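Listed next as structure tokens is one chain, alone, in the form predicted on its own.
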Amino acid sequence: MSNQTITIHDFEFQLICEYFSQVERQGPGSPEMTIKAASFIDNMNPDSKIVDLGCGTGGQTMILAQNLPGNITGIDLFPKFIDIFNNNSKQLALEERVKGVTGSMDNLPFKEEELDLIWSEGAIYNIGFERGLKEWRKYLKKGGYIAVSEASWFTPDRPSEIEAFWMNSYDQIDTIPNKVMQMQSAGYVPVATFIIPENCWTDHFYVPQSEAQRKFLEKYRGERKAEMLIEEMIFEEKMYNTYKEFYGYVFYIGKRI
């Protein structure tokens, strides 16, 4: 397989959904980083309206709900993720104020200036960082917050292999200062920016996938598309371990002007 030309987006939605439904988080992150990002959000109250876009199975959403007041709607494209999301909400007795619905982040079911907080961990890339910031802004009340984690370069230059990998996977990756300028240009006051630590990738994202990969390959033994999906995830982990000093996820928190 040529990892220069194939990315996870090339695989069938059903396979991606089944694979990632086995793990608590569908992207790098941790409870501690969710809590840290939430600490920069103020003026939330029990009537606040919050949305978590690209919520997955809700690993970060439940942490958010335990640390901020308000009603949270999780939105994800995959119905299976939303089923797990709502079951997790019920298990934690949060179902009265935390609900998941199937939907797309480029067609949101909200009125203008309806939301107090838009959250999205490791998912805004699906619509694009700049586009997401611009299009979602209208749904926020003035003074409302947006908090997203986004793949970012740590250095102005980097080795050609990791440059090519990211240009193929997500060509909107950029340096932290440029991302902050994009947020400001989209109509937000940048409030906080911080890099999520290495353990968000290793302990909370890649390590839990080991058992998921074993089970997945056992179920789909001999099916090339499934095998290629696992090969791609293993290659992605190798890229991170090799080049982690050059890139990672960064939380960007802004306040609507």
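Quantities reported herein were computed from a predicted structural model and do not represent experimental measurements. The first residue of the shown sequence is 1; numbering continues from there.
Note that the form predicted in complex with a small molecule isn't included here; everything after this is about it.
> Consider L92 of the chain shown here, and say whether it contacts the small molecule in the predicted bound form, taking contact as heavy atoms within 4.5 Å.
Close contact is absent here: in the predicted bound form, L92 is far from the small molecule, nothing within 4.5 Å, heavy atoms only.
> Quick check on D76: any heavy atom within 4.5 Å of the small molecule in the predicted bound form?
Residue-level check for D76: yes, a contact with the small molecule.
> Wondering, does M105 line up within 4.5 Å of the small molecule in the predicted bound form on heavy atoms?
Although the small molecule is absent here, M105 would touch it in the predicted bound form, with heavy atoms inside 4.5 Å.
> N126 near the small molecule in the predicted bound form, any heavy atom under 4.5 Å?
Taking the distances in the predicted bound form, the answer for N126 is yes, it comes within 4.5 Å of the small molecule.
> The chain here is shown without the small molecule. Which stretch in 114-122, 179-187, 138-146, 153-161 comes within 4.5 angstroms of it in the predicted bound form, by heavy atom distance?
Comparing against the small molecule in the predicted bound form, the contact stretch is 114-122.
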